[in-house]
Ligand SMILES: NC(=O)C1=CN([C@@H]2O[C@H](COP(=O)(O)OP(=O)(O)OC[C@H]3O[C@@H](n4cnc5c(N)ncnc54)[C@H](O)[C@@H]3O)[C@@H](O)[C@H]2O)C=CC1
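Listed next as structure tokens is one chain, alone, in the form predicted on its own.
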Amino acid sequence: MALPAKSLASAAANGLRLVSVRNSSSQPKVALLGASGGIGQPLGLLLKQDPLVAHLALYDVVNTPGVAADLSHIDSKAKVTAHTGAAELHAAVKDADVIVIPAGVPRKPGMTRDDLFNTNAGIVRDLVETIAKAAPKALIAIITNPVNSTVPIAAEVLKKNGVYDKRRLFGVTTLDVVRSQAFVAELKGHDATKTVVPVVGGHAGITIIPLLSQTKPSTKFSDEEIAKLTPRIQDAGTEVVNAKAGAGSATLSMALAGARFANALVRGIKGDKNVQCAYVESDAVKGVQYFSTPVELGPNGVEKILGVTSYEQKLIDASVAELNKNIEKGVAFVKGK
């Protein structure tokens, strides 16, 4: 519950530190960091159209005023504000309910997500450093690759600032779910809008594990279909990078996935509990600290980790070593090892 203005003034006069809190769930603020980029612009468009978003704060190092002006001409509920450069980052994220981070450089042909590490690791570290001070209660959704490493980076920064809450930090793996559902529907002639395929593990290569055995509606796959479908889902990002021939990576599908996940977080804040796959700190799989599974979202972020029970256990086991390598790389980056 918010303090009345008189109490806030009294607290400030007495030198008490006022810790930023999230807004009321009736007026959700979503901050989009990297709003001028290839993912950020279409993601901003989708968030502007989300009827649950009351305030959309756009942040980037360049071009934010133009993007904000463009989006503000759309006749939807969300108020749009523009914030440019490090000096305006604090205002962008202050009191945000949800912070979505697609900031960073995209992949080019021949690059893996891990090749982005050196540049994107520093971007995420610096953004989260400000978030820790200005919006410690926000739900943070990280899209910036390599997600398997950038989420641990964010966690370590939040820990250093004494505000880490594992329920409030997410790696967005929704694109893997979206792709799996599209590919399965295409292959089997299903209605894509009614096809559900959970995806667990991480967000790169063999760590992406589609649980085809749990597809809804119940679907039988031949061994040959599984052998073709699984690597296609795992390498779908590279498929887009190569098709764009140096002009970018998956931006439109990622924007849709990011908006879908942000909407799920806002619905959770408002008390509409729902289940999504996300990469979070978890004990769902033995021997690895972060893992994507279906999680129940609610007012505090992760309300419940639903875990993994599947016929794909061999794929899960094979992903652990790769995930641990990615996680350790992120932790070491923050700790300076």
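Quick note: we count residues from 1 along the sequence shown, nothing fancier. Quick caveat: nothing in here was measured; it's all calculated off a predicted structure.
Absent from the display: the form predicted in complex with the ligand. The rest refers to it.
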| note | Partner contact check in the predicted complex: of 194-202, 221-229, 158-166, 118-126, the stretch with a heavy atom within 4.5 Å of the ligand is 118-126
| task | Spell it out for me: taking the ligand in the predicted complex, does every residue among 36, 106 and 249 have a heavy atom no farther than 4.5 Å from it? | result | yes
| note | With the partner omitted here, the residue among 175, 135, 154, 266 that in the predicted complex has a heavy atom within 4.5 Å of the ligand is 175
| Single option in 45, 275, 62, 69 placed near the ligand in the predicted complex, where near means a heavy atom within 4.5 Å | 62
| request: Look up in the predicted complex whether residue 147 has a non-hydrogen atom within 4.5 angstroms of the ligand, and give yes or no. | output: yes
| request: Considering only heavy atoms, tell me if residue 262 and the ligand come within 4.5 Å of each other in the predicted complex. | output: no
| Does residue 131 reach the ligand in the predicted complex if we count a contact as any heavy atom within 4.5 Å? | no
| task | Mark residue 143 yes when one of its heavy atoms lies within 4.5 Å of a heavy atom of the ligand in the predicted complex, and no otherwise. | result | yes
